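Just one chain is shown here, as structure tokens, and it is the form predicted alone.
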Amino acid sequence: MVAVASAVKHAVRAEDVNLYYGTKQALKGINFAAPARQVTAMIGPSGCGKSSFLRCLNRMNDRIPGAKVTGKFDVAGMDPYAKNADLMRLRRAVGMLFQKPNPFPSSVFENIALAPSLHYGIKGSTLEGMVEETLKRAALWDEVKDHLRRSALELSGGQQQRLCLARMLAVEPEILLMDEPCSALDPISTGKIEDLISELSKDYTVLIVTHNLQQAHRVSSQLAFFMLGELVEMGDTEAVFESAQSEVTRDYLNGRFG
């Protein structure tokens, strides 16, 4: 892998990571480091391993029969695969936003209030204030403040995705994982999510998987290019777009395949 040296603090590190689905190897010797409080975008053709790697970071691959992960991880100061790993702590520290919005079939208020109530025992006016503040951070408060008791399923797709983002923020995570968060949204909603990503990176480490090269260019400061289960190149986004060191990276960025 081609890499660019950096002295910044990293919130996510992975060393020699391999992922197997049964006998099929999906990830091969991945070495990866994401700077804290920056946006790192992962790009590459379909099936290249970027989403699989993202799911390794919070052990989402555990749900897949036959999945096996090897290697070393440091995610928000934790090793997710340690024998004594605290998965509840990991879930609080590492939030995830999926390709399609998945709000709970309950009210807007309950979607946000459930996690802080269960995890931290927050109740009453304090909980109401947290719901308001979280919805503001997700740029959704003005649109739903008069409809907090309505079903979240009545919101538009873009609103639902911002609600899911707010729900994730309510747990007070350190790292935000986003797997194609805009692929099911219209351009206006996509723009709102991208603006939020840039704003949130001031306080959170953001890792985003995207097929949209323009989006990766717009929102990220670090870029990782995956191909056939390998991390081919990783470095400063502008530097990779302007002068990628790997020929296969240049070919992908110039649209020769993918």
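In this text, residue numbers run from 1 along the sequence as written. In this text, all values refer to a predicted model and were calculated from it rather than measured experimentally.
Quick note: we don't show the form predicted together with a small molecule, though the next part is all about it.
- Heavy atoms of Glu174 never reach within 4.5 Å of the small molecule in the predicted bound form, leaving it off the interface.
- Among heavy atoms of Ile64, some come within 4.5 Å of the small molecule in the predicted bound form.
- Residue contact with the small molecule in the predicted bound form: Arg55 places a heavy atom within 4.5 Å of it.
- When the small molecule is considered in the predicted bound form, Ser51 lines it closely, a heavy atom lying within 4.5 Å.
- Think of it this way: in the predicted bound form, the small molecule has a heavy atom of just one of His211, Lys28, Arg37, His217 within 4.5 Å, and the residue is His211.
- Of the candidate stretches 39-47, 185-193, 198-206, 217-225, only 39-47 contains residues with a heavy atom within 4.5 Å of the small molecule in the predicted bound form.
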